[in-house]
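The chain below stands alone and is given as structure tokens, in the form predicted on its own.
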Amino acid sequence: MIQQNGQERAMDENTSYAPVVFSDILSAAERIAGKAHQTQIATSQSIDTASGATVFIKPENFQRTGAFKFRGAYNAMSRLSPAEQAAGVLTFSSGNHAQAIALSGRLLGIRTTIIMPDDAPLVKKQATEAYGAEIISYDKHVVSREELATRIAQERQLTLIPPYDHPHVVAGQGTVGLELMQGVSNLDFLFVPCGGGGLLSGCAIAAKALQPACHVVGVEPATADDATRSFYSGTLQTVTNPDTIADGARTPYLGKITFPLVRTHVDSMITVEDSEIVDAMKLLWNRTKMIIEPTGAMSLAGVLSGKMDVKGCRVGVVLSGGNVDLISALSLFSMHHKA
């Protein structure tokens, strides 16, 4: 054990200490208070009926920039030194983290540069530009975004804040789980979408600190199951440009920080098909009137998949975001329409 921030940080085979602990999430909550929205927990009789459980929804589609990412981005950027803030910040993202960094930069007076794939959702690109960021496009089939970001950061002397593999980002995302656990008692399950693992690991840390008996489940697309394979094998697995409608979950692998945190604090990982994600989106749109993007609906798809026995249980569900192009979403509903 190593003492840090007043808590014992457990040794792990993948890192010399636990890079994020519960006290970091509490600190992040103080840092983002008054800046991030404390999204209100929602319920739906229709979703309870469909799942056979009592479901408590944490709708981060109502967060600033339309996704949970603002929490981690603002927490990380607000902690930069004056020199780092003056230099400017660089990140790479398909959209939600891009918007979060751009808005945080505008609020904090920090210049931001975002590396985005040329096929990123237009709605996310437009919003990122509207917040004042410079966008650098790239072909994800030819260029590694991590390598491109490292090169540009060095050339321009920018501070790199990655979308998930950063302790302050993870701690900020963990405030989603903190608020849910503080708002609803005696949860049996917590379902969280998983891309790079920042939201999942942060929420899992909060859940285990406040409600240790709560079973934390990470949900991934079936075609982008690197985290699920990593979780069960104990060895970091990768995936290359997976074909899934959940663009926020196309990350190639868990990070050096998030992988050991997920292994330590998460209880189960499951995958869902794109068709199941669309069904969950349609249920949310039709019955709760919430616009949810595919990645944001993965957690509910996991609840409804039947892969975990949630009948009669109290279930927390994190909806991670709502940034979806409406025409694309309606096209998905039409393509996956059940006769």
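Numbers for residues come from their place in the sequence shown, where the first is 1. Note that this is a predicted model, so its numbers are computed, not measured.
Form predicted in complex with a further copy of the same chain: not shown, discussed below.
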Original post:
So in the model of the complex, are Y131, K289 and A329 all sitting within 4.5 Å of a further copy of the same chain, heavy atoms only?
Top reply: yes
Original post:
Using 4.5 Å between non-hydrogen atoms, is F56 touching a further copy of the same chain in the model of the complex?
Top reply: no
Original post:
Heavy atoms within 4.5 Å of a further copy of the same chain in the model of the complex: does G66 have any?
Top reply: yes
Subject >> 4.5 Å heavy atom contact, N61 to a further copy of the same chain in the model of the complex >> reply: yes
Original post:
P19 near a further copy of the same chain in the model of the complex, any heavy atom under 4.5 Å?
Top reply: no
Original post:
Okay, which stretch from 307 to 315, 26 to 34, 290 to 298, 268 to 276 lines a further copy of the same chain in the model of the complex, with non-hydrogen atoms inside 4.5 Å?
Top reply: 290 to 298
